[in-house]
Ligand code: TGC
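What follows is one chain in structure tokens, specifically the form predicted on its own.
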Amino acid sequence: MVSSIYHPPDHFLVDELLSREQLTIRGAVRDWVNREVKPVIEEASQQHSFPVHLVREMGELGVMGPFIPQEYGGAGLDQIAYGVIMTELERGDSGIRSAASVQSSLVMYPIFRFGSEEQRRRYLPKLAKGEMIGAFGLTEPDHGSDPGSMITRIEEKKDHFLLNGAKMWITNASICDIAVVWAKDETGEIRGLIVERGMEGLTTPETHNKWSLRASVTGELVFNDVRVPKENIFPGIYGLKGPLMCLNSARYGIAWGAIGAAMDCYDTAVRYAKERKQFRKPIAAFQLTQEKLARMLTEITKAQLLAWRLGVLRNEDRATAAQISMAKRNNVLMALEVAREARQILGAMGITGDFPVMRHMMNLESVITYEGTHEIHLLITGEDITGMEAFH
């Protein structure tokens, strides 16, 4: 099967809710994924290798920080356009979407939102073009779901901050040019700062032997008396509010992106079921296969409508953190379950690299954990319902 015959499901005509500009942007990204990602991604995943050359191409395509204003190198697009971009990128691979998502929501967004004008001018245009690769340092070896307990520290000196600590499970760590890092100062206040490749005391070991996100770079950020100039600290944000706002943007993108993985698995399963014959007829003619496909399409459709409505609320600046959390949790679980059902339809062929299903399934096992675990997102919704926090 080839990607050019991809037929995305749109059972409730969600495309009619998109503007002409949004459809045009999606079409351009879809064509790029078909042309540049699909032909190389299976081998990259098998080889545990990130196709880093695609970063520059994504910059040229305009998918890095697409919601950042044009004066800083972004495309100035709305949130739904950002969403459809993430959908198409994750149809290619979760690792490709992760690279764009981290760059856009976790690096460019905080620099634009919390950074100084000098920081915006210095970093954003290069990040938008893919000339510079960014990483986001929040999770630590012993502090994931509880980032407020981080132990990474900055100590103020005469003309710089001294940074010590470590961050783990960091996308792009070993290839990043800069990293947006969150650390506690002497008073225990969480601050954000920009750490640059080449600063003495910074090391970025890569994480190997992954069964998931194999076509993505994952690693650590280790700080040993790293001297960070004072002009690299974010002047306008204190506390967990900053990193959580970044995560809201990333989670929103994931809510759209996961749909792309699900759609690719569904489309693959439909075409395979029509072609594969058993007992003298296509397996698509059997009731159990049709039940699987019907459930898959239903769940994808619900996720499409959820993401679109969330995008409208984001454009109106009315989306809450709890709404974003629900969409991320629901849509990633949906995609994972669709991938598993698609694998069942493909039988033994579903585990091979001849089809994208197993790769998507394994990737989604990471996506359901990062940017807030499935369980934490359930508790966020629980708190929104009851007004009672269950984290402690």
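Residue numbers here begin at 1 and follow the sequence given. Keep in mind that what you see is a predicted model, and the values were worked out from it rather than measured.
The same protein has a further form, the form predicted together with this ligand, not shown here; the description that follows concerns it.
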Even though the partner isn't displayed, in the predicted bound form is Phe136 close enough to this ligand, meaning a heavy atom within 4.5 Å?
yes
Is Ala321 one of the residues lying within 4.5 Å of this ligand in the predicted bound form, judged by heavy atom distances?
yes
Any non-hydrogen atom of Met108 within 4.5 angstroms of this ligand in the predicted bound form:
no
Is there a heavy atom of Leu18 lying 4.5 Å or less from a heavy atom of this ligand in the predicted bound form?
no
Ok, Met245, Leu162, Ile151, Val312: which has a heavy atom sitting within 4.5 Å of this ligand in the predicted bound form?
Met245
Tell me which stretch of 223 to 231, 98 to 106, 275 to 283, 192 to 200 has a heavy atom within 4.5 angstroms of this ligand in the predicted bound form.
98 to 106
Need the contact residues for 358 to 392: heavy atom within 4.5 Å of this ligand in the predicted bound form, sequence order, or none if there are none.
Tyr370, Glu371, Gly372, Ile376, Ile380, Phe391, His392
